[in-house]
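Encoded as structure tokens, the following chain is the form predicted on its own, with no partner shown.
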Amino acid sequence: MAYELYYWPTIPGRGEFVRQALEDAGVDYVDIAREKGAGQGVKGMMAAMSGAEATHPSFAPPFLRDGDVTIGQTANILLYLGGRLGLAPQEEAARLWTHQIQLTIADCVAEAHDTHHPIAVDLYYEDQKPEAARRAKSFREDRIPKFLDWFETILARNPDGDAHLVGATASYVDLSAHLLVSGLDYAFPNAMARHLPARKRLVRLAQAVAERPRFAAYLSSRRRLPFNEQGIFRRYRELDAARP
């Protein structure tokens, strides 16, 4: 049976981390909320997430169904899929290390989100612009370089070489690192122009991921949703730094 991915149909968001792993692996999956028909669409997603039939209801999308198994939370889904898709090491310590890296990516994603919603998610950005400006300044000047340095260090210390974050072959965290770099570059192009060139290993990794055949085909397809101002990574000029 095809995997069933449940996520909002018009934004890449956190679901994109799962979607691109499925695409890179070339497996069959159904993007439920983007489909039409009985039990699909956004209503079908919401019913599957929290309906009476949900034994393990998810707090929010994304979540994944694999037959009778339902898994929520992006990092948890990728932990489940990694070995099944050939995108994670099989040895337990390496598998947990991969999961740790993904959780750190999730931390950075959450901080990126909070630059435009630092007070409350149920308020518009326009209702919290002064607070967003302060949060964004700290994120782009202090937090972005700290995260990028951590990934650069991981690549440098990988005993199997600096082509991958874990081991000698691609894993889902390599794909996720590409998405993180792309998202930050979309939201903070000026800040990233300052920070990214010095992290040469991370730049090479992101470029190599984009050249993987199935991944590249996905990036150029209509299935791949562009970043927009409804998602996690949002481009507001006033939140970015001046050009270097």
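For clarity, every value in this text was computed on a predicted model and none was experimentally measured. Quick note: we count residues from 1 along the sequence shown, nothing fancier.
Unshown form predicted together with another copy of the chain; subsequent notes refer to it.
**Student:** Mind telling me which stretch in 215 to 223, 175 to 183, 58 to 66, 191 to 199 gets its heavy atoms within 4.5 Å of another copy of the chain in the predicted bound form?
**Tutor:** Comparing against another copy of the chain in the predicted bound form, the contact stretch is 58 to 66.
**Student:** Closest heavy atom of residue 50 to another copy of the chain in the predicted bound form, within 4.5 Å or not?
**Tutor:** Answer yes; at least one heavy atom of residue 50 falls within 4.5 Å of another copy of the chain in the predicted bound form.
**Student:** Contact with another copy of the chain in the predicted bound form for residue 90, defined as at least one heavy atom pair within 4.5 Å: yes or no?
**Tutor:** Judged by the heavy-atom cut-off of 4.5 Å, residue 90 is well away from another copy of the chain in the predicted bound form.
**Student:** Does at least one non-hydrogen atom of residue 119 fall within 4.5 angstroms of another copy of the chain in the predicted bound form?
**Tutor:** Residue 119 belongs to the contact set for another copy of the chain.
**Student:** Just to confirm, residue 154 within 4.5 Å of another copy of the chain in the predicted bound form by heavy atoms?
**Tutor:** Although another copy of the chain is absent here, residue 154 would touch it in the predicted bound form, with heavy atoms inside 4.5 Å.
**Student:** Counting only heavy atoms and a 4.5 Å cut-off, does another copy of the chain in the predicted bound form sit next to every one of 22, 36 and 40?
**Tutor:** Contact check failed for every one of 22, 36 and 40.
**Student:** What residues in 125 to 149 sit within 4.5 Å of another copy of the chain in the predicted bound form, counting heavy atoms only?
**Tutor:** Contacting residues: 127, 128, 131, 134, 135, 138, 142, 143, 146, 147.
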